[in-house]
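Heads up, the chain below is alone and in the form predicted on its own; it's given as structure tokens.
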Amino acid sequence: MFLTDDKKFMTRALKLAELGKGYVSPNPMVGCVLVKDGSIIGEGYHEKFGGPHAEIIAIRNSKKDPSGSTAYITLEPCCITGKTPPCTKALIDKDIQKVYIAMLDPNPLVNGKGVNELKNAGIPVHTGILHKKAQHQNKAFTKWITTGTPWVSAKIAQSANGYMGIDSEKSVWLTGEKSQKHAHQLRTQVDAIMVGRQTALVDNPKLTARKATGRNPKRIVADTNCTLPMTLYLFQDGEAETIILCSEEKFEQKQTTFCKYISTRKENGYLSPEHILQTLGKEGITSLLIEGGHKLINSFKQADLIDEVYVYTAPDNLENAELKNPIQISSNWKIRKDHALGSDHLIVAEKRKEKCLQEL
């Protein structure tokens, strides 16, 4: 059981951790709050990849001597030396009195070892406070560090009667300004966006977050035979890193001034969704947003590789259309959000995972 104040301080740490979203990958988001005599004396969060960890920043920001304080940390402190020294050592050296941790680090190099190091130093450690919120916050990191593949979200804009477009040869705009701004904000929160060759060719998208505040993600196009023209915005604007996934049977990996080509395994004539994720995972991509087109989204759906969907529904029907939304929200999905965006409607749903024997 945790006290109300414990939950209050961990809630603050989780809010701080969220500020690193989009900037720390492939590291996890982490927040830390230091409390002394019932008040917060220091706080921090992991701000960017390669930078100081949350615990170090909280200690540096302390307005009082942190010795004897209680630390509330959203993720188990690291006990290994990577780009930065281990945080467990800093907590021990600063004579932190007690530590509350929301979730253990899923990284097998750390998992449980950071807690043990603190306990061996005589520091009481309490784990599991607000752990579900912490797990949800770092779901992409957890999947990537344990499976080597990114968390996959699919963004779908559909008409009121469930169509994504007329056909694969025509570009059609379905949703309103609020949905577009929301989708652009979503782009700032993922490592990469992916579209298929036909979407890139027909829509000539920029795939940037120009209607939101934040950084642009990497842009990925599945172009099996490398036939896209170099006149597309993706190759010309220099706004973000562009990656072309192509057939390993025909092409080798190479880097040009305007994009990176990564060869990928084919399956039944198309790039394998499973191998795409393995390839992107090796590139350090922990979260992937698939924005189209219909064929690409359907291939990942058929392979059961989509973890989460964002479905934006416009108020009007699309007549004489062929591209039906391949993903239907059923009991296999857990709805996390369901609300209006101007005249549109947004549903965010996460794939339900099968429970393991220990959970039954």
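Since this is a predicted model, take the numbers as computed values, not measurements. The first residue of the sequence shown is number 1, and the count goes up from there.
Same protein, other form: the form predicted together with a small molecule, not shown, and the subject of what follows.
Annotation: in the model of the complex, residues 150, 219 and 284 none come within 4.5 Å of the small molecule through any heavy atom.
The small molecule in the model of the complex is approached by residue 54, whose closest heavy atom lies within 4.5 angstroms of it. None of the heavy atoms of residue 325 is located within 4.5 Å of the small molecule in the model of the complex. Within 4.5 Å of some heavy atom of the small molecule in the model of the complex lies at least one heavy atom of residue 87.
Taking the partner from elsewhere, residue 223 is found to have every heavy atom lying beyond 4.5 Å of the small molecule in the model of the complex.
Comment: the small molecule is not present in this chain, but in the model of the complex one of 82, 229, 124, 238 has a heavy atom within 4.5 Å of it, namely 82.
Between the small molecule and the residues 244, 118, 78, 193, the one pair within 4.5 Å by heavy atoms in the model of the complex involves 78. You can rule out all but one of 6-14, 21-29, 332-340, 345-353: in the model of the complex, only 21-29 has residues with a heavy atom within 4.5 Å of the small molecule.
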